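The data below hold one chain only, encoded as structure tokens and taken in the form predicted alone.
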């Protein structure tokens, strides 16, 4: 990966509150060639829905990662927070 052309993205992932989901998301992220720069997770205990904010960077199109995460079992939605997407500088 060339740091000059890498883009940073913030993904907001809504998922069922199951332990294995986070492992699957991290595995897909690694397989698709994205670097994980940060992560936060919260669970709404009332409806057992987890919200995961994943900060990633790559020179690859973000759509590659979004499409694969959406295919995972227990994923409700995946969105990119465009306000925080940016190009990394060397």
Partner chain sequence: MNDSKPLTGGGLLFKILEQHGVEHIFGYPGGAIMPIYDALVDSNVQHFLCRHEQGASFSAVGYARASGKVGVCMATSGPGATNLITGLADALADSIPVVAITGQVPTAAMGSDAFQETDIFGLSLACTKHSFQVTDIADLEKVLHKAFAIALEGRQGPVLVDIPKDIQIAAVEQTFTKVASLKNKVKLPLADITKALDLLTHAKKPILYVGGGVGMANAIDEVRSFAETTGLPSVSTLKGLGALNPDDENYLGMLGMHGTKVANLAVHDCDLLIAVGARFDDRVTGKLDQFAPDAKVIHFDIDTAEINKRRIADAPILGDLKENLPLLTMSLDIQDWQTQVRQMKENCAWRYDHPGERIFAPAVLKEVSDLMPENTCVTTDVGQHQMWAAQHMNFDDPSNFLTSGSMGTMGFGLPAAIGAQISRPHDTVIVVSGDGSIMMNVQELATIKRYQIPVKIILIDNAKLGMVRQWQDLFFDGRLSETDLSDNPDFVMLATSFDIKAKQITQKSEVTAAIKEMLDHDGAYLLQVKIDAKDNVWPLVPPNSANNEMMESA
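Everything quoted here is computed from the prediction, not taken from an experiment. Residue numbers count along the first chain shown, from 1.
Separately, the form predicted together with its partner chain exists; it is not shown, and the next lines address it.
Taken together, 35, 52 and 81 are entirely out of contact with its partner chain in the predicted complex: none brings a heavy atom within 4.5 Å. Among residues of the shown chain, residue 12 is not one whose heavy atoms approach its partner chain to within 4.5 Å in the predicted complex.
None of the heavy atoms of residue 42 is located within 4.5 Å of its partner chain in the predicted complex. At the 4.5 Å threshold, heavy atoms of residue 27 reach its partner chain in the predicted complex. Interface residues of 68-82, taken as those with a heavy atom within 4.5 Å of its partner chain in the predicted complex (partner not displayed): 68, 70, 71, 72, 73, 74, 75, in sequence order.
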